[in-house]
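Shown below, as structure tokens, is a lone chain in the form predicted on its own; questions about how it binds or moves come after it.
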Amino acid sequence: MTQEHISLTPQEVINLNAYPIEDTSTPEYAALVERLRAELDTRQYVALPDFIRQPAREQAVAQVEGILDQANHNRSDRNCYLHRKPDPSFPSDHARNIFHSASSRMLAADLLPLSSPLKTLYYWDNMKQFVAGIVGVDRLFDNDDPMQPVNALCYMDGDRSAWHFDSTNAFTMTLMLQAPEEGGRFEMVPNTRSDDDQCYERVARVMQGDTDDAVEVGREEGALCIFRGCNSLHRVSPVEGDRLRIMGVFVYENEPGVIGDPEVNQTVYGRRTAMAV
């Protein structure tokens, strides 16, 4: 059995020395969650460096590279609301009618092997409790869709993610598995809009290149990031070089039994149904 097919325990995947989440009853755990929740509430993002152990990261990278040819290549021009068609009810320079190119490659959960360290991390109950505490909810649940729960998002030379808001997610959680040679910077404009105000003029300025308010979130290899992308514009700058930029993407839910929309699966993964295993 090769290293890529060995299932690792949560203790072998997560750096529990830096992030003591194995025992959720300790004062150290409570203090860690309180600190990270305060950072998220203040900055709209929190980064956890060295969250995954090096051998687990290397195993995850090898697994992803081994099946990269099965990834769905998403290429589109879209506005920041993830729409692909202009809205004629607004002027051409309106935020809803400013389009940028995006390109990435997505490996769905059903393509990742059962031994993936990403799945070990995602399905560990302590991990769900830890994330719930950071984002300020009582409990989180697994996403039950065969494709959506845990993905590998890959960027090759020239790929990028255009400025956008996450549509309905209260938070987004990603793990940097491999950084590119150049580019691939994760940039964010915290609180670009609010629940009560779309702030169309400010959004349009960002889309047109006014990024003075943008912050670059450090994404060294092994770093976990939790951010609120629903009201904060964010993007990944173009990747340069032959080295893949590989991110693990995790989707938790506020209620059990959530299955994804087939239309969304078709758009993101290029298919509506799971691959036969």
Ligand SMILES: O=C(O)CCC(=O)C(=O)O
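Keep in mind the model is a prediction, meaning the values are calculated, not measured. Numbers follow the displayed sequence, beginning with 1.
Absent from the display: the form predicted in complex with this ligand. The rest refers to it.
Figure note: of the listed segments 36-44, 241-249, 205-213, 59-67, the one touching this ligand in the model of the complex, with heavy atoms no more than 4.5 Å away, is 241-249. Interface membership of His164, defined by any non-hydrogen atom within 4.5 Å of this ligand in the model of the complex, is confirmed. Contact check for Leu153: a non-hydrogen atom falls within 4.5 Å of this ligand in the model of the complex. Put simply, Val236 is close to this ligand in the model of the complex: some heavy atom of it is within 4.5 Å. Though the partner is left out of this view, Asn72 does not reach within 4.5 Å of this ligand in the model of the complex, counting heavy atoms only. A single residue from the set Gln198, Thr172, Ser115, Gln129 has any heavy atom within 4.5 angstroms of this ligand in the model of the complex; that residue is Thr172. Proximity to this ligand in the model of the complex holds for all of Phe186, Arg219 and Phe227, with the criterion being a heavy atom within 4.5 Å.
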